[in-house]
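Next comes just one chain, in structure tokens: the form predicted alone.
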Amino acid sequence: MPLPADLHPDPGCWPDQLPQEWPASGLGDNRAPFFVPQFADGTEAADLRFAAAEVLPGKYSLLGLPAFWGGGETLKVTLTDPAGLTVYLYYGVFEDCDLITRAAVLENTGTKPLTLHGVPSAVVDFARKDLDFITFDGEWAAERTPHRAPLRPGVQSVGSVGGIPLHYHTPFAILCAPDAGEATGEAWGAALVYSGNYRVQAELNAAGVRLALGIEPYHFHWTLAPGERFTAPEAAFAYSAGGYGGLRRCFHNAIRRHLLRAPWRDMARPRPVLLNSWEACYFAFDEAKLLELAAAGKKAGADLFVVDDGWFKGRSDTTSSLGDWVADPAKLPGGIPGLCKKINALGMALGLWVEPEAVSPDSDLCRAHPDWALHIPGRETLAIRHQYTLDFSRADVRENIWQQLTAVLDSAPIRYLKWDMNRSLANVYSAALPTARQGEVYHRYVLGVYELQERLLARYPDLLLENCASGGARFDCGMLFYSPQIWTSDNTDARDRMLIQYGTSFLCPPCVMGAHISAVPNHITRRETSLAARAALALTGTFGYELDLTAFDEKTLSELAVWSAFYRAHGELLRGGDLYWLCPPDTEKRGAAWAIVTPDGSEAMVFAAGEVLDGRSLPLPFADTQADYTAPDHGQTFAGTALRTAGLPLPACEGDFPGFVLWLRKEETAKEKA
């Protein structure tokens, strides 16, 4: 909180030389402002003073916003400004995974309206200056590549103004000591639990480093009438003295235990082996083709068949029909109920793809309600991918989509829904809000998405919801509160996925990463990679298939069925184990090695892909030197001491990007037997 001049311990000390818990502009702190309230008289300075603090039992929750749940207790700090503003700061503590969460609620306690032009979720001041800044950046089909550089004087930031986080950056960053690596050195991680416009910024100045994160101030202006409150999204922080490997495992445990929700938060509950129709058919299918594909998927060991884009009326390409969520009778004469019955008869469940936030200009919905799309009056509405974005800040728009979705989901036992979002927001103006409140549209849009997904989970508690945004453009903790898995990237090439999943894993555990075995040559890169490498990357995710299995012979389908059975047999380890990057990939994506280990160390799965499979030995830092390890599938035994020091011998493999997967089981030590 700002420290007024009369409270300074040193009268000669400037406010911007002191650490502050909730800094504001206008009172001598000349660091880059994030919190900017504007009072009715035009003043943009906040004089917040400490008023109270209390410890509350249980973890706080946030109205209308996702948040980590289940923590032991909450610290609530109250700050007041005599001009009529009260800020409530909330701190959640999760001792079992070394996570601290932060949130803020702002209340207009005055007699006149005030406007918020910027609201951080949290600000943290570091006294030290010698820190590196790691961000996770990229583009479509190349998301979340780690970039690390020493902080330079001034502000460095990443963020989005596209309405969703987008592919270019991720609402997560790390500050670390210059000597920090995978297993050594200090590292601090900060993640925003939010799925809209955001900013994560670090400022190096004379006092040290200030880390701030929250809603992007661009086009954010929120008016609070007297008595009204605004809730900022949650931020989550973790620290590790054991490098970003230790930091990674803090976040993984927190997400699995305290962000994912029932029934998928229980890592012992199996996830289905999924076959998606997209790369097999694209838009070119009918019921006969889908049934043929599903039958082949059953032979490959799939449990769930997902019909991707193209199942609704008139949809044969990207130019029409979004918003009309009714089955196309030309493709599905029996509708969704008829298809579902036939898929169930094959011994598989049915899932569907939808894009609820979008509407095609060529659709019944758009013709009936052209004002329901985001559009600026008097200007041409920009179509991206032949589609507009529905104004999800409006309750009537959300209700229409809700009625359409529930009609489909109530018509048949749909077990899975892939919720896609394929464009950024543009023409951001809502006909339902007055001119002075158009700065609220971006945030209200996100709240609308959250509300609709919350309603889905309440009505269909066993529905497996997978979010997607043109691949990985909305891969954040906010969406993970509603869906236990997110499609990691539209790029399913094993070599590229190795780096994408590596970057994603700094924050997110493998069990939330949508990952499938796809065809070769890959549909995006045209690259050939081995089945073993594709399987290794898919196993380090949700596991499934994204290819035309009808083109495969019985022998190949049987080989795929072995991988499906392997995933089922070891699913609890793969979903709930600790991830270790033993040989991280470089930006050239030449190869990598990694392992997933049960928390008690009794089992491990070791993976390798690419050029590391050259006959080298790979030290396993998690190996117990007092125990032996067996590889049951290969009939081998290894001494734990040898695995930890000399390393696991990797085979020398040839061919196009080879892969390797080995299951290790720890034998009881003499002490454990006793």
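Position 1 is the first residue in the sequence shown; the rest follow in order. As the structure is a computational prediction, the values presented were derived from the model and not from experiment.
Below: the form predicted together with ligand GLA, not depicted.
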Residue 132: touches ligand GLA in the model of the complex, heavy atom cutoff 4.5 angstroms: no
is_contact(residue 385, ligand GLA) in the model of the complex, heavy atom dist at most 4.5 Å: yes
Interface membership of residue 87, ligand GLA in the model of the complex, 4.5 Å heavy atom rule: no
Heavy atom of residue 487 within 4.5 Å of ligand GLA in the model of the complex: yes
Contacting member of 362, 308, 328, 216, with respect to ligand GLA in the model of the complex [4.5 Å, heavy atom]: 308
The unique member of 548, 303, 137, 420 whose heavy atoms fall within 4.5 Å of ligand GLA in the model of the complex: 420
Contact stretch among 463-471, 259-267, 402-410, 99-107 - heavy atom within 4.5 Å of ligand GLA in the model of the complex: 463-471
Partner contacts for 341-371, taking ligand GLA in the model of the complex and a 4.5 Å heavy atom cut-off: 353
